[in-house]
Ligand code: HEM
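One chain is shown next in structure tokens, namely the form predicted alone.
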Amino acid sequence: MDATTTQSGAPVASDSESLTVGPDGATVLHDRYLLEKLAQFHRERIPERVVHAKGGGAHGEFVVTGDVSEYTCAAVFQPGTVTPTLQRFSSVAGEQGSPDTWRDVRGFSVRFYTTDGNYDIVGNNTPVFFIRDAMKFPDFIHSQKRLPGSGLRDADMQWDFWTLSPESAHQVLYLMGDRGLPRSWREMNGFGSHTFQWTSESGERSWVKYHFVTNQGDHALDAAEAELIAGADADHYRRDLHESIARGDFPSWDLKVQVMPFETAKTYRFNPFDVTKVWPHADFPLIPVGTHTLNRNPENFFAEIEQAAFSPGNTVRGVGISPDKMLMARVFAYPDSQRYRVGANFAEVPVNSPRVTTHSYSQDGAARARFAPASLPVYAPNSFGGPVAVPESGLDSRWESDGELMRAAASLHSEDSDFGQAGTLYRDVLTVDSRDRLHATLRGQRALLTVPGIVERFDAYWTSVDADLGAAVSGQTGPGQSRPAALSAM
């Protein structure tokens, strides 16, 4: 049996008794192991994510079964390629201890450990988002969290923000519908949500959207069932995923993409870079790429899942970003938050470290573990054999822009509308049963509101989506009425 040691390797005399002056005397300050044990314990936790705090995940692999090489030269998407992966699922608004089955959007993030470095697709189980400009993001999240006084979540605050931000209607309809209560992480689809750029080996550029289609079937919970599970097993999703993989029932998703020709985006009928919009499949059908399978649970949840640091800025040759305002801001925000949450050298944590050799001039910082030989220079350009940039290897994403600097929400596309696609989703995609469930959910939400002005905007918001939807939701319950039991998880 191995002996217990200090962190520096010295054996310890006891795992259970402190060093004291006699059996009942003072504990001495020079009990090195006691101090080390307590000090480490005090620092076991890192700050939880401001959003997507509660989650879980697993390791897997991605196998390319299609051929999209005419659109991208990214190694990970070449025919027959097999790439190790990491996936993290999450809730958005809830904190670490929140129940998995509260009504919420679910995070769906996949890391590909490619031969060109890490590529992260950081998305959700919805193809759109609540806002299109990151200037609103902190305000949006604040409105979904807790009041500073009572520490409680507040329906007036949530709906005040949403009804004053009409671009949110498409995503809120998804949230209040079946998509807001998936039966499990395994039984939901995932989306990159944003528009990205692909570049072929010849330099041809295209715009692309990612769709992960579940092979387990897309299933939802009803509100009453979700509330029961929240009380009985707050970790329902996390447990389901772990147990499924442990018994060899490996969940999988088929990755498909929509591809838009580069020039088409300039004159398309709505802004293809607006993350509150979807691209119609009739215009841009799904193209099969490959299959992503989760087949290995983490050995240590903290080290491999909690410390995982995803970023939409982690791109590889042949993949880039687009002029999506939310995406461009996320490219900065994600690694900046990881430097705070995990540390300046978060990329050296094994789960975040690429499976290729890196050459960088970054240095020092807390918890630096890897370093270049002392013979290499620490600056560029240099004359001493340090790494050099190779312009042709990057294939950076590019687009033309000659506009003046401005702050504007206006678009040059003819059919941009905040409520149009939400109305189409309601009328043409939802089934009769799912519309009935949506009506019940929204009537329950309306009953939670206490401010008359917000109630009026709530009714106008849903009437703007669809007149029949507005009629079904408004006038059935009023502000301040009792809270429906089956709708208590917002």
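The shown structure was predicted, so the numbers you read here are calculated from the model rather than taken from an experiment. The numbering used is simple: start at 1 and walk along the sequence shown.
A second form of this protein, the form predicted in complex with the ligand, is not displayed here; the remarks below concern that form.
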| item | value |
| --- | --- |
| Candidate stretches 147-155, 172-180, 336-344, 286-294, one within 4.5 Å of the ligand in the model of the complex by heavy atom | 336-344 |
| 4.5 Å heavy atom contact, residue 34 to the ligand in the model of the complex | no |
| Residue 226 within 4.5 Å of the ligand in the model of the complex, heavy atoms | no |
| Non-hydrogen atom contact residue 123 with the ligand in the model of the complex at 4.5 angstroms | yes |
| Close approach of residue 129 to the ligand in the model of the complex, 4.5 Å, heavy atom | yes |
| Every residue of 51, 88 and 137 near the ligand in the model of the complex, heavy atom within 4.5 Å | yes |
| 192, 94, 320, 272 - the one with a heavy atom within 4.5 Å of the ligand in the model of the complex | 192 |
| Of 238, 186, 330, 103, the one that lies within 4.5 Å of the ligand in the model of the complex (heavy atoms) | 330 |
| Contacts with the ligand in the model of the complex, stretch 233-271 (heavy atom within 4.5 Å) | none |
